[in-house]
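Encoded as structure tokens, the following chain is the form predicted on its own, with no partner shown.
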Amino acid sequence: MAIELCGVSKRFKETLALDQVNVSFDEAKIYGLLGNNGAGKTTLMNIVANRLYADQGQVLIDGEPVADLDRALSKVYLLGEKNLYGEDMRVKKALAAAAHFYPDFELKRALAMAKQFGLNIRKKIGSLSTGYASIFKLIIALNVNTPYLLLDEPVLGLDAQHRDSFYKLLLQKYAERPCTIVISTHLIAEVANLIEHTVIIRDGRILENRPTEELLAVGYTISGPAAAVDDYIAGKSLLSQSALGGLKTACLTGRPQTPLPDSLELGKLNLQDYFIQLMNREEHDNG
């Protein structure tokens, strides 16, 4: 049970958005699809949801081709930038319509979420602010209960409190009704603890495709007084470093030396630091 992209390529005039992409999203996992602007994330998701057609290759959902096959498409829900409901439609009617089109849609729960987020269900969709338009789309996505849920920049326009509420509701949904969730976002630090498996894409090519824990096991962080950190990192493979006042934190590859000086603190490599150094390395190598 999986979404499989097999040799998928897509070009827009002079831009090769996807270049022979082979990747799968397996059953009941939370994936992070990470990349810089223009990397191909949105194109990939739209091809999986059959909103765009690949120039080459194919997408399989549970072994069946997704292209124009209703049975396969019914298993996928994509939350994207566009609102798929009429702007003159009121929120309450749109939620009822979602319940009509998606047999497992939980209307009662959706209405409760609307109340929790302070979304006025009597308002027309076209009159919603950017934040509440995002909340409306999130409520539908959290309640369609399809086996595969694709979230493209899901918290766009949300304040910190609403983003936190969304992440909690997403984890609650996943715990109660496990499904495959693919999150594409630039807010890597906020979703890092949610992501079980990381896929990193750049210029239409997959650079990394590994369990997040395995990905981050390649390195570690050292923090403490700047002078002590500088002494420690001398001659070692440095990913990045940052300083604040007299303190410094460095990210390194490999394994830490033991015993560690008393003034230094050992930590785990985080996903955002890994992503940034990978992008920097790619720019340097291709520059």
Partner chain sequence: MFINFEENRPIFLQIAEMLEDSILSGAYAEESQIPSITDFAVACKINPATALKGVNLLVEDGLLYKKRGLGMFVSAGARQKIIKRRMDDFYLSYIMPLLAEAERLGVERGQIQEMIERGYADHGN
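Superpose the two forms; the largest set of C-alphas matching within 1.5 Å is the rigid core. Positions refer to the first chain, counted from 1. Note that the structure is predicted; figures quoted are calculated from it, not measured.
From this point on, the text means the form predicted together with its partner chain, which you will not see here.
Though only this chain appears here, would residue 167 touch its partner chain in the predicted bound form if you measure heavy atom gaps against 4.5 Å? Within the cut-off, so yes.
Taking any heavy atom pair closer than or equal to 4.5 Å as contact, tell me whether residue 156 reaches its partner chain in the predicted bound form. No, residue 156 stays farther than 4.5 Å from its partner chain in the predicted bound form.
Indicate whether its partner chain has at least one heavy atom within 4.5 Å of a heavy atom of residue 196 in the predicted bound form. Flag for residue 196 set to yes.
Contact between residue 279 and its partner chain in the predicted bound form at 4.5 Å, heavy atoms? It does not: once its partner chain is placed as it appears in the predicted bound form, residue 279 has no heavy atom within 4.5 Å of it.
So which of 30, 59, 239, 39 reaches within 4.5 angstroms of its partner chain in the predicted bound form, heavy atom to heavy atom? So the residue touching its partner chain in the predicted bound form, by this definition, is 30.
What is the one choice in 9, 22, 15, 270 with a heavy atom within 4.5 Å of its partner chain in the predicted bound form? If I apply the 4.5 Å criterion carefully, the residue I get is 270.
The chain here is shown without its partner chain. Which stretch in 159 to 167, 203 to 211, 92 to 100, 123 to 131 comes within 4.5 angstroms of it in the predicted bound form, by heavy atom distance? Correct option: 159 to 167.
Would you give me the residues of 154 to 180 that have any heavy atom within 4.5 Å of its partner chain in the predicted bound form, in order from first to last? In sequence order, 164, 167, 168, 171, 172, 174, 175 come within 4.5 Å of the partner.
Comparing between this form and the one not shown on the rigid core: C-alpha of residue 225 shifted by 2 Å or more? Where the cores coincide, residue 225 still shows a C-alpha shift between this form and the one not shown that is 2 Å or more.
Cα displacement of residue 19 between this form and the one not shown reaching 2 Å, rigid core superposed: For residue 19, whose C-alpha is compared between this form and the one not shown after core superposition, the shift is less than 2 Å.
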